[in-house]
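Below you will find one chain, with nothing else, as structure tokens; this is the form predicted alone, and questions on how it binds or moves follow later.
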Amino acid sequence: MTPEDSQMLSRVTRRREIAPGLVTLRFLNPKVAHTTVAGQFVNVLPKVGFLDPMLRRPFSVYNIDGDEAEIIIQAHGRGTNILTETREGDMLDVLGPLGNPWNTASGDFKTAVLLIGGVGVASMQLLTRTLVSSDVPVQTFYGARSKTLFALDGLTNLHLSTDDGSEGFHGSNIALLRSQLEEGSIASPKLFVCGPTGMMRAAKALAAEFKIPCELSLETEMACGIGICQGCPVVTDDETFNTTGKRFRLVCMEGPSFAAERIVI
């Protein structure tokens, strides 16, 4: 598939502000809507026809409904601020779907544990849908700074935690999950993790401690999303390097999801 095959101008059909600085954009794009698998992403230009900013921003596909797809955006820079100001009827320049999906087919787990930090929720609604449709039990540990920053659509079996104690467990979702793992109350878990880098490092260490499989979906800047610019490398572990001779893997082409033990974060 060439980049041209994946690129499409897509009309925004709905804009929702679901939390302060957190916006969802739904857009008409049958290709993305009908071919995306949970964990894949799209690369979006902040403004159609503008040369500044000229680089695309990557977003996991948050939801799919008929011929429409949806992304979730947190305003934290010039490009994302422009995107959050997009209105219904505006056009998005969308490239995708890109990347590899979550690995839900492995037989090494009985319970899927979704570990979410902040806007790491972006790919979790579709992942939940996929797991539930396959009759896989799901437990969701979702952490945010405050209760106003949760995006709960499509999630199930929620265990919420907040830094300020305004909702659920007062503390990190890592600490909350640790208590559950120590009790042995989750049968044969696998961690599916997305969130801030520090949280994902902690999740990787937790999984290694309890000897359970763990998959990380990396959030990183991407210019092209198709492996040309080489701008999104992640360091491989020594075993992978010794086996393949590859010290780096590109998040856009070989990710964004990786087995935690196979990368250095």
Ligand SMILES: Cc1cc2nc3c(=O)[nH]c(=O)nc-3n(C[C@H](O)[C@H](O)[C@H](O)COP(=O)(O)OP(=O)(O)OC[C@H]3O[C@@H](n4cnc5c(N)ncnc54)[C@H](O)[C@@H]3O)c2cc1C
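All values reported here derive from a predicted model rather than from experimental measurement. Just count from 1 along the sequence shown to find any residue number.
The discussion below concerns the form predicted together with this ligand, not included here.
Colleague: Okay, which stretch from 181-189, 116-124, 147-155, 161-169 lines this ligand in the predicted complex, with non-hydrogen atoms inside 4.5 Å?
Modeller: Contact criterion met by 116-124 only.
Colleague: Within 4.5 Å, heavy atoms only, which of Gly79, Pro101, Pro97, Gly195 is in contact with this ligand in the predicted complex?
Modeller: Selected option: Gly79.
Colleague: Which pick from Ile174, Ile73, Leu92, Ala112 sits with a heavy atom within 4.5 Å of this ligand in the predicted complex?
Modeller: Of the candidates Ile174, Ile73, Leu92, Ala112, Ile73 is the one lying within 4.5 Å of this ligand in the predicted complex.
Colleague: With a 4.5 Å heavy atom cut-off, would you call Glu215 a contact of this ligand in the predicted complex?
Modeller: Contact check for Glu215: no, nothing within 4.5 Å of this ligand in the predicted complex.
Colleague: Even though the partner isn't displayed, in the predicted complex is Ala202 close enough to this ligand, meaning a heavy atom within 4.5 Å?
Modeller: Close contact is absent here: in the predicted complex, Ala202 is far from this ligand, nothing within 4.5 Å, heavy atoms only.
Colleague: Spell out, yes or no, whether the shortest heavy atom distance between Arg26 and this ligand in the predicted complex is within 4.5 Å.
Modeller: Result no; Arg26 lies far from this ligand in the predicted complex.
Colleague: Please tell me whether any heavy atom belonging to Thr220 falls inside 4.5 Å of a heavy atom of this ligand, as the geometry stands in the predicted complex.
Modeller: Contact with this ligand, yes.
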